[in-house]
Every structure is written in structure tokens, then in C-alpha cells.
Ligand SMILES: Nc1ncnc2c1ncn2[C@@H]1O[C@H](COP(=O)(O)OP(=O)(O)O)[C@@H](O)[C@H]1O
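This document starts with one chain, in the form predicted alone, laid out as C-alpha cells.
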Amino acid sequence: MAMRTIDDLDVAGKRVLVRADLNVPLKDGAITDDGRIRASVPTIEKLRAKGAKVIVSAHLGRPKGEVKPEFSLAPVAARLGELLGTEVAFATDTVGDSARATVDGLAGGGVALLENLRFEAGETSKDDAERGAFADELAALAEVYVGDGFGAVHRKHASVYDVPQRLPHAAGGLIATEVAVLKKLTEDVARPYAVVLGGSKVSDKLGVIDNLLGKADRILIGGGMVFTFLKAQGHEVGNSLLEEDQLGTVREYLRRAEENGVEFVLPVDIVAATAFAADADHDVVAADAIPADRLGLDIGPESGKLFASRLAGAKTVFWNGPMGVFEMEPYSHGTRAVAQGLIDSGAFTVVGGGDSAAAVRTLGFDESAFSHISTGGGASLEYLEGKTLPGLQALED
């Protein structure tokens, strides 16, 4: 199904509600990574240039339908204003008096940001009527809807799914780009196709591994989830993260991979520590010889080289999830090696949002060295699982 883009809309002088993804990490009220705000700027600038009155809506954290000051979008409004080079009017509510007054005060080319959508229970309600009632109020603020919050398109939320059904709608530039990239990972894949999966839990990635066993040429596994794979092969994993209930599933994946000719690459060495701490005693040990009193916190240096060598011949690489606890310096080297491996591969490289995108920035890599850094980890994974994403479905004509 085709999606309209902003280019297909006449928005001059019209109130345009943009669902953006501004769900940034905050520490003591300060934004620690503004990647998602920067990613939302081009669509907003394009609408401004067309003379639209831009009403930005977004969520932050999980306040669960209650007003919680620590989840206010006020700091985001300030940063968005700096990036746009114009004042962003901030409404202290979402669909109330402040929102209506703020929107009424907008001139063509002006920008307003509504307070956190998730302060309203109707935004995330499972009850269609409750969600629909909130969507009615939100839609009443605008004449046109632009969906650009890729990080939320896998959620059946009012601002993502219900509002576009009530207004003329189009996809913003960010969503259009993300969908084009995901098609290159699913429909039009340049081979060999390598997938690197990390992060803490196998259970988070079950659906995507299941689907990729029929699509990828090789799958590289690191991060906390690797210990369930090592245990499934009969190895000691000590105090490492382990999902006992997934051992049978993992054995089945390893069997199917062999059957389908998919190469499964597991680490050959592990950085094992005495405790989950940067200053704990730690050593590099063979992946099949983790001491019973230690826990693995990163893939080892030989694994980093192995992974880089298995990426070297690839034409397409998708990476989701760090290789270790990259926030602690001693355990950042595996993630660093994989990021560098993606860059050196010369392949079409996609960093699948969330922690992987944060790791790339935290470890000081140039974002432009990757073909694409996704803004939506969960959304990317669900798309690769073959699921229908409500927010994309609602934007189709």
C-alpha cells in the first residue's frame, strides 16, 4: 500500500499535527542524548517552509496516564527550539485550555509542542472507546496529520493509530526513510546478509530470530543473550544472565539454522568478571570455560575479530543490541569492535535503534559512517518479524 508524503499535502496556513518521537533520555532534567529530537527536525522544517502551523505531539517515558513532572516535555521544547532556531511555544497540557490557546496563537511557520501524550490515560488505553475519545480531542486541534514518530508505530495508541483515521494524513520524512530502509532488509536484500543481535534477553529477540532464519545468511550473537546459547550447547555460564525457559527454543534455532544453511556465529571468548561493576576483577576466558563464580559482561577480543571477519564480506548488515555492558569502559570493547566492523565492511549498514544507536553515539563513532541509524528499536524488530505495525497501517491509503 502506498503512503502519501508531505510533498502530497497542501498545508499553507493549516494546523498540522505532527506525531514525532521525542522520547529522549533525561538525567536530572537534562537531555543526555538528543538524537531523536535532531531526527525529527527535517520534517518540522519542511512543514514550516510550506507555511504550516506546526503542532508537535510526542511522549516521554512511561507516566502511565498520570501527570508526573519528571516526564515533562518542557526541556525537549527548549532543545527543539535551539535546533530549529525559533521559539517553540509549549502547551502545559495535551488537549486542554493551554493546548487550545497555544495552537490558536500560532502563525504560519510557527511551532508548538504539546505536553506528554502519555499524561492522558486515553493515549495508551486498550479500550477503543476511551482511546477514540482522546483521539477526537487531539484531532480537533488540527486540520492535517503527519505521522513521523517511527519509534512508536508498533503501538496501537491514539496519537499513532486513531488520529490519522480522523484527519487527512501523510508520512513524515523520518517514517518514509525508515520504511524504505526496512524494505532493503526484507524485500530487496543485497547478499550476503549478516545480522548481529545483542542486548540482554533472548526473549526480546525470539520473533526476529525466528523470521531471520529464513532470510539471513549469517547471524552473529553477542550481549547478555549469548549465555542462553552457550548453555544450550552444554557450556558452563557461571553467574551470567541466563533465560532457562528459552533453552529449548534456542536449541531448536541452532538446529534450524544448520538445516537452512544459516551460519550462526557465537563468541569464542568472553570478558568474565567477579561482579557487575566497572572495577570488578575481570579476565578474558574461553566461551566454553566461564568460571562458575563469574559472570560474562562482554564478548572477548578474539570474538571481536571473529565478528568483524564475518561482517567483512557482507553486502547488507543489520545490528540490534550491544555486545556487552558498553556503559562501563572495561566491557565496551566488544560493542566497539562490532561498530567498527560494520563501518569497515563497506556494506549497507543499519543500526537498529535503541541501545545500539546510543552505543554508537556514546562510544564516539561518526553517525554518518553508517548507512542508517534507526530511531525505533522495537518498531524495527517488529517490522523484521513480519508483524503489521498499527502506525504504518493507519498511514496507508
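Here the structure is a predicted model, which means the values were calculated and not measured. Throughout, we count residues from 1 along the sequence that is shown.
The same protein has a further form, the form predicted in complex with the ligand, not shown here; the description that follows concerns it.
Only one of these stretches, 87 to 95, 247 to 255, 314 to 322, 128 to 136, has heavy atoms within 4.5 Å of the ligand in the predicted bound form; which one is it? Result for this chain: 314 to 322.
Does the ligand come within 4.5 Å of any heavy atom of residue 164 in the predicted bound form? Flag for residue 164 set to no.
Though only this chain appears here, would residue 341 touch the ligand in the predicted bound form if you measure heavy atom gaps against 4.5 Å? Outside the cut-off, so no.
Residue-level question: is residue 200 within 4.5 Å of the ligand in the predicted bound form, judged on heavy atoms? Residue 200: yes, in contact with the ligand in the predicted bound form.
Is residue 172 close enough to the ligand in the predicted bound form to count, meaning some heavy atom within 4.5 Å? No - in the predicted bound form, heavy atoms of residue 172 and the ligand never come within 4.5 Å of each other.
Position in contact with the ligand when the complex is considered in the predicted bound form, options 216, 114, 297, 76, heavy atoms within 4.5 Å: That would be 297.
At 4.5 Å, heavy atom to heavy atom, what parts of 352 to 370 sit next to the ligand in the predicted bound form? List them in sequence order, or say none. The stretch touches the partner through 352, 353, 354, 355, 356.
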